[in-house]
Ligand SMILES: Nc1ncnc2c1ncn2[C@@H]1O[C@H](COP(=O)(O)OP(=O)(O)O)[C@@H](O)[C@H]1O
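Next comes just one chain, in structure tokens: the form predicted on its own.
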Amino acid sequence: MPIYYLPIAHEADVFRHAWESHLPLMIKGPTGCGKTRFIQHMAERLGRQLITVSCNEDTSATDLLGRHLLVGGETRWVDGPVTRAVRQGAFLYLDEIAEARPDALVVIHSLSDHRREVFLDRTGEFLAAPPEFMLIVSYNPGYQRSMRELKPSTRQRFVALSFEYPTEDQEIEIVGWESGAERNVIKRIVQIAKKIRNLTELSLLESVSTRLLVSAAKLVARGVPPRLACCTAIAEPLTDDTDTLRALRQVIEISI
């Protein structure tokens, strides 16, 4: 089954033109707003292999490029995801790039400018990216739990698309497609998200993602009572603070 994605604006056209122009692309936006789904959709639509790396504070240059490993008593070089993507002409997606270590960010510099190449210092190879290769990164500027920011020297190597949460009607359509729940229930679940997103005084580290709404609707579609489904899939994942949880539960109780 094709990967479902509901276009929000002109993001698909920008992505395709960036690929055809050999430009690296940065996708900015909050957690769970559809960044990864969009990239998967575009890889499928353009018939390209997608290699994904979920970056974290331990992601190093070695993790991306590869390393020598002992195999059957012999030392062999094993490509990392960046090297594989370049060799294969794949789409390379580095998710939450700002979380990676600084040495990992340096690795992509030569892939994100006119050179479009990577140097493997441990093997002495220079690999030039083929025309079909594309570098894509995602970045959440509002990720409050991390103090890391992308340096201008990295940011300005990319063209960028900003993602936000869908409109209410778009979100209803997305959650309906993904969950199979009844539309009247979905509308109330989406309304809950809208109310919580407007409660800035709660100081949530992250607001309600579309992903959480899909999870709640899926539980309802399986027979879980709507209030319980929303508490389980929306309120509980958002916070452990007792007072904040109480406030979220109150929003759910008066909405569904």
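One-based numbering along the sequence shown. Since we're looking at a predicted model, the values are computed, not measured.
Note that the form predicted together with the named molecule isn't included here; everything after this is about it.
For the three residues Thr31, Lys35 and Val214, a heavy atom within 4.5 Å of the named molecule turns up in the predicted complex in every case. Only one of the listed residues (Ala100, Ile174, Leu92, Ile186) places a non-hydrogen atom within 4.5 angstroms of the named molecule in the predicted complex, and that residue is Ile174. With the named molecule omitted here, the record of contacts in the predicted complex names 205-213 of 64-72, 219-227, 45-53, 205-213, defined by a heavy atom within 4.5 Å. Proximity of Ile8 to the named molecule in the predicted complex falls within the 4.5 Å heavy atom cutoff. Taking non-hydrogen atoms only, Asp79 never approaches the named molecule to within 4.5 angstroms in the predicted complex.
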